[in-house]
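Same chain, two forms, each on its own as C-alpha cells: structure 1, then structure 2.
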Structure 1
C-alpha cells in the first residue's frame, strides 16, 4: 500500500514538473522574442517612423516610415476578420443548434474545417492569385481581404464551434420548452452564453490575419502609400519586415526589428483590450 501511494506521488510530481516546464518554455519563448525585437529595434523606433510613409531610397537607409504598412495591416485584418466572422459564426450556430448532433453533415463540416485549418497560407495565396487572374482582379486590398478572410474562416469557425458546444444543453432545451424558435435560441441563448469565447475566437482570427505574409504576397501587392481605396494595393507589416530584413544596409535591418516591435505591440494591445471586453461580458453569462 505504501509503495502504491509512493508511486502515485511520484507520478503526480512528475506530471506537475512537466506542466511547469511547459509553461516556463512558453513564457520564456515570449520573453526572448520580445527582448530580441526590443533590443534590436528600439533605437530605430521613432515618431517619424510611425507617422510617415517611405521616402525615396527608404530600403537603402534613407528617410521615411512604415505608416503605409501599419494602415494596410489594420485594414486587411479588420476586413478579413469581419468576413470570416460573417461566414464562421453561422456555421458554428448551424452545427450546434440546427443540425442533428449525430448527423453525417456535422462530422463532414467539422472535418472540412479541420483540413482547411491545416492548409498552409501559401496555398491560400496561390489559390487567390489564380482566382484573381480568372476573375480579372488586380492585386489590391480587396483581394487580400477575400483570401485572408478565407484563411481565417476555419480558425474562427472551429473555435466558435468548440465554444458553443460547451453551452449547457439544458439551456437550449429550456428555450425550446418556452416556445422559442431555433433562430431565437441560436442568437439569444447559445450565442449570448458563448459570447466570451466568441470574443476570443475573433482575437485569434485577427491575430492570424494581421501576422500573415505568404497569402498577402500574391494578393495585396505592396506600395509605399496608404491605400485610399479598397481596390488599391496595400502594404502590410509582415511584408515590410521581410523586405527590410533582406536589405544589405544594417540600419534598414534594424528598422525591420522596429516594425516587428510595432506589430507585436498592436497584437498585445488588442489582446489586452479584448480580454477586458470578454471579462466584462462574462458577467452576463451563466
Structure 2
C-alpha cells in the first residue's frame, strides 16, 4: 500500500475512535448520573419515606418523609400541564390549520416559542415574582401553576406544532373538500391524526414542570405539609432535594436522596412512556 493511502486510513481509524469515545462519554455520563442517584437514594427509600411528611421541620427534623414534596410536585405538574396544554394545543392548531403556512405570523410565533423555550427558568421565576407583586397573590400552589404553566407552554406548543406539521396537507384538503370548517378540520381530523404525538408533548411538559426548581422557588414556596388548598404554599421535589441536601443532619440528607430517586424515576418513566407512545401510533393514525 502507498504510504499516503495508509496515512489516510490511519487517520480514518483515529477519527472513528475519537468519535466513538465521545459518544461513549455521553452515554457513560447518563449511566453515572442514574447510578449515583440510585445508589444514594435506594437505601433511603422506604414506605415511610414516601407516605409521611417531614417531622420537626424539613431542614433539621430527623423523622418523617417526603410526602409533602411528592404531593406538591404532582399537584403542581398536573395543574401546569393542564394549563400549558390548554394554551399550547390551540397555538399548534393555529399554526397548522388557521394561519397560512407561508405567512409571516407563523414564522414570528414559532420564533417567539423557540426563544421562550430558551429563556432560563430563573427568569420565569423572577417574572413570576414581579407578577405576584402586581396582582397581589402570595406564594402558593396557584402562583406556581401559573408560572410553571407559562414555562411549559413553549415546550408543549412547539412539540405539538411539530407533530401537527407532519400531518399531510392532502388530509386537510380532504376534510375541507367535504365542507368541513377549519375548526372541524382542526379538531376532528388534524388533532386526531396527531393524537399519539400530542400525548408525548403532554408527557414532556409534565416532565419539565415536575423537574424545574428555579421557577418554583419564588412562586410556590416550601412547606412541611401537604397543601390543603390551591392557595396554600406547596413543597416540590426539586426544592426538597435542594434544601435538604445542604442540611447538617444526615437523616435530612437521606430525604434529599430519596426525593432525587423518586424524581429521577418519574422522569425516566415519562421519557420511556412518551417514546412508546410515539412508536406505537394510535389505532386510527394514517
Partner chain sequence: MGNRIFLSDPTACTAEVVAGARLLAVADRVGPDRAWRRAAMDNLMRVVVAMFAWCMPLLLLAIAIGLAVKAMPLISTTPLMDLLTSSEWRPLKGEFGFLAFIVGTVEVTLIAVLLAVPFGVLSGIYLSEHSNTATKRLAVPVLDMLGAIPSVIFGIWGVVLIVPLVRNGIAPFFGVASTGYTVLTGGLVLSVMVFPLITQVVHEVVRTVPNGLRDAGLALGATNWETTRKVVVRKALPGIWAACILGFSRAFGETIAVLMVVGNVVQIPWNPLQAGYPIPALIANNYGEMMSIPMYDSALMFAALLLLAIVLAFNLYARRVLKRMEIRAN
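As the structure is a prediction and not an experimental result, all values here were calculated from the model. The term rigid core refers to the maximal set of C-alpha atoms that superpose within 1.5 Å between the two forms. Residue numbers count along the first chain shown, from 1.
- Between the two isolated copies of the chain, the form predicted on its own corresponds to structure 1.
- Shown in the overlay between the two structures, fitted on the rigid core, is a CA shift at residue 218 smaller than 2 Å.
- Once the rigid core is used as the reference frame, the Cα position of residue 231 differs between the two structures by less than 2 Å.
- Core-superposed comparison between the two structures: the CA of residue 57 exceeds or equals a 2 Å shift.
- At residue 25, the distance the Cα travels between the two structures is 5.2 Å after the core is superposed.
- We note a C-alpha movement of 2.4 Å at residue 253 between the two structures, with the rigid core held in register.
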